[in-house]
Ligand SMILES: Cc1cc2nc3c(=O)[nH]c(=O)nc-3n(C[C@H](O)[C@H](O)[C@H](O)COP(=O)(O)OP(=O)(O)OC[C@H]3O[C@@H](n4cnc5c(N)ncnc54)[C@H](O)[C@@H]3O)c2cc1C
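The form predicted alone is given below as one chain in structure tokens.
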């Protein structure tokens, strides 16, 4: 079908104003995936009922649907083709219910994370998932990719914070899985099928999330350590000292730290160190988080595990510390578009892994630089390589980043970004043949016509 025919078909279902094409579509930012709007048609329904109607109509005419969230994904998960339609829930953006006593919030999938933060703050509550893209990340996208973020050490990934979902299957069936209970063992927990499925099994239209009590105080410190082993020692000490109060523990290798602080003009630390970290703790009871963290750093100085450090004395200083870690777009600003990877390893293997990829990149791609940072507390590393190579070299860099994982056990090619198109040829490094076969069987059972985000995650569909 031609674009005009597809537009006419769905306009009769959801209204002309909710079918975006032509110049209106060309004005939109495709986010981090240049092919987000290649289909030429974007549908913006206003209700679950309209999403259901879209799916039924698409099924009848064999038109695949590519769901879009905030377009902040980095694995080409929102790429579309001619003959398909993209679907955004941007018009389904209401917070439906906030219940601080039950400890949950119900919201449309098009709600952005910052809306949830703003809605829960007056109640002294917050959600456990937080990412730098909080101003554009939608709840549907967060659930579909099982997003992690900077507080996963304390609160877990998206799936650990989601109580329930509403999902529209590819045939238009609406599954009401909007559980509000922490304990509900009535049969299969079907919501888990859709969390992390990247829209390949259905379209998430509502999300029920757990809420957590906000700490009375926050302590945030930027530290520099003489070695990675010293930083690991600090992490272990922080777990023992703060227990569940340890919210975040981040790491930045000098290449990344020096680039971002140089660009921001905000180094904060005077000593050149082998590795840098951010520690954030929460204090729910008596005591002062800043004082506790200051005492903790003093002990680290005395033991020689911390070479330099500063504790934020205001929210402005806290934001300045986090900006160093979160503003990774600086790499693209300095070097042009970069390749971005997120891998997961056992903590003890991280220093050796970083050394291996740097050595191989230096030998095989000397014109490129690597910038390493990540969520050290949960073993999730981000590696950015720039400038982005010619298409023929992309596979070379992939083989370096993912090939180096083969020297270690218990690794993943995707710790939080998902698989999309970008990583599906490497999925077998992280999942067994039996697991991938089972995934394919689930896909066939829920989407036999392959209408839901086809081609993503799994090969051989």
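Computed from a predicted structure; not experimentally measured. Residue numbers count along the first chain shown, from 1.
Below, we turn to the form predicted in complex with the named molecule, even though it does not appear here.
Of the candidate stretches 260-268, 278-286, 196-204, 349-357, only 196-204 has residues with heavy atoms within 4.5 Å of the named molecule in the model of the complex.
The candidate spot formed by 6, 80 and 84 lies out of contact with the named molecule in the model of the complex, as no residue has a heavy atom within 4.5 Å of it. At least one heavy atom of residue 416 is located within 4.5 Å of the named molecule in the model of the complex. Taking non-hydrogen atoms only, residue 161 never approaches the named molecule to within 4.5 angstroms in the model of the complex. The named molecule in the model of the complex comes within 4.5 Å of no heavy atom belonging to residue 305.
In the model of the complex, no heavy atom of residue 220 sits within 4.5 Å of the named molecule.
Interface residue among 383, 165, 109, 252, judged by heavy atoms within 4.5 Å of the named molecule in the model of the complex: 109. Residues of 27-43 that come within 4.5 Å of the named molecule in the model of the complex, judged by any heavy atom, reduce to 32 alone.
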